[in-house]
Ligand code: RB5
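The form predicted on its own is given below as one chain in structure tokens.
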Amino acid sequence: MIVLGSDHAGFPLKEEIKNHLDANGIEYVDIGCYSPERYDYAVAAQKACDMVVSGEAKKAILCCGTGIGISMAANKVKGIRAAACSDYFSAKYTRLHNDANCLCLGARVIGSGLAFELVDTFISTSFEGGRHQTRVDQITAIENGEKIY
């Protein structure tokens, strides 16, 4: 299952992504926000990412105005590897090489057509593992306060 979240700026894009996921039979849960009224991206990021870390959801898709603020907040949740993407290559390789578990999109940066392509790519691309696992392990070590150098 995918968990979706947004702030007020990302709300319209999140709603379009929900329609896209519905049309493709992809299961998701929407943790908010539920209107264009002011809502802080850090709240949405933490709620969604807590579900990923707990195993309630496999991945998160988060939207704010640029995708950057919500990705910064998401990356503060231990166990989250969030990437703000606005192109196909980044969305694909953040899964292949970084095992990202959270895709962040900017509603004021990309349109819905590109967002759907990025969402589909993020959901369908598997982590390659191998030499990339070492780097993911290093990210985890840094997150745990360890020196890796």
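Residue numbers here begin at 1 and follow the sequence given. Quantities reported herein were computed from a predicted structural model and do not represent experimental measurements.
Just so you know, the form predicted together with the named molecule exists too; it's not on screen, but the next bit is about it.
*Asks:* So the named molecule isn't shown here. In the predicted complex, which residue out of 112, 46, 90, 66 has a non-hydrogen atom within 4.5 Å of it?
*Replies:* The residue from 112, 46, 90, 66 that makes the contact is 66.
*Asks:* Taking heavy atoms only, is residue 58 within 4.5 angstroms of the named molecule in the predicted complex?
*Replies:* So residue 58 does not count as contacting the named molecule.
*Asks:* Would you classify residue 13 as touching the named molecule in the predicted complex, given a 4.5 Å non-hydrogen atom cut-off?
*Replies:* Residue 13: no contact with the named molecule in the predicted complex.
*Asks:* Would you mind picking out the stretch of 137-145, 124-132, 21-29, 5-13 that comes within 4.5 angstroms of the named molecule in the predicted complex, counting non-hydrogen atoms?
*Replies:* One stretch meets the cut-off, namely 5-13.
*Asks:* Can you tell me which residues in 26-57 come within 4.5 angstroms of the named molecule in the predicted complex, by heavy atoms?
*Replies:* Residue within 4.5 Å: 41 only.
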